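Here's a solo chain for you in structure tokens, the form predicted on its own.
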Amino acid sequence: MLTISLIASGKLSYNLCEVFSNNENFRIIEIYSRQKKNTNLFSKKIKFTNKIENLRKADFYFILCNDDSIKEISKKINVEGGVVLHSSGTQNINILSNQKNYGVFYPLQTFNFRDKLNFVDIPVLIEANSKKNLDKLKKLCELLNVTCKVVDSKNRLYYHLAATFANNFTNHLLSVTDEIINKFNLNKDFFIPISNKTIQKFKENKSKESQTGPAIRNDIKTIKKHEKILENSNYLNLYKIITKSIKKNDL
């Protein structure tokens, strides 16, 4: 059985806690949290600590705080034997170089406190400072039954950039769609098929070649009508930027 220590109590920590707690191959030793915020969402069986310098012995220590705090947290951790991991898509593995054993465990997914995700469906990008530690990470992924891929820090950043467009930006555009629907009292159900079709095109690697709409057709009159509707909103500039990007249609 592998022992786990989670450092932070945010969304990813919550989801990993659920996954490890429900897998007989793992035991969560403790979770470090500087404050009690969110801790009530976790199982009552989980032990919390606010003493980062005195973490109990574990096989893996997952630093799950925001990217800017990873280095600071790593400097405060004094552990022997266990592998210290961060789960950032953007931070270099060497940010943990003050540790003897370290690596990266980056699940390519978006997380929240509401949905319990099936980790079997989530690809995990891994990296480690030695072959021994990489083998340990591969074993961990095997026990979790997840698909893992060894990706170095440079290429992991590319994955993160693409994921930002796929999730964060797409989600924002859909939230803008929601605002338009609500403002003009439209039927939201009518937009589900077209949204699903967009994702289907992405799955089939046909997004670029099947781009439609006034921007790709250079339909100036339609574009001006849209801009007129948005002229007093915060989204006019966004509309213009995306329209320009579609016209150029190149990275």
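Note that this is a predicted model, so its numbers are computed, not measured. All residue numbers are counted from 1 along the displayed sequence.
The following text describes the form predicted in complex with a further copy of the same chain, which does not appear among the structures shown.
*Asks:* Ok, 54, 50, 43, 205: which has a heavy atom sitting within 4.5 Å of a further copy of the same chain in the predicted bound form?
*Replies:* Going through each option in turn, the one that passes is 205.
*Asks:* Of these, 134, 141, 79, 176, which has a heavy atom no more than 4.5 Å from a further copy of the same chain in the predicted bound form?
*Replies:* None of the others qualify; the residue that does is 176.
*Asks:* If you check in the predicted bound form, is residue 222 within 4.5 Å of a further copy of the same chain, heavy atoms only?
*Replies:* Close contact exists here: in the predicted bound form, residue 222 approaches a further copy of the same chain to within 4.5 Å, heavy atoms only.
*Asks:* In the predicted bound form, does residue 171 come within 4.5 Å of a further copy of the same chain, counting heavy atoms only?
*Replies:* Close contact exists here: in the predicted bound form, residue 171 approaches a further copy of the same chain to within 4.5 Å, heavy atoms only.
*Asks:* Can you tell me if residue 97 lies within 4.5 angstroms of a further copy of the same chain in the predicted bound form, counting non-hydrogen atoms only?
*Replies:* No - in the predicted bound form, heavy atoms of residue 97 and a further copy of the same chain never come within 4.5 Å of each other.
*Asks:* If we define contact as a non-hydrogen atom of the residue within 4.5 angstroms of the partner, is residue 35 a contact of a further copy of the same chain in the predicted bound form?
*Replies:* No.
*Asks:* Does anything in 170-203 come within 4.5 Å of a further copy of the same chain in the predicted bound form by heavy atoms, and if so which residues, in order?
*Replies:* 170, 171, 172, 173, 174, 175, 176, 177, 178, 179, 180, 181, 183, 184, 186, 187, 188, 190, 191, 192, 193, 194, 195, 196, 197, 198, 199, 201, 202, 203 sit within 4.5 Å of the partner.
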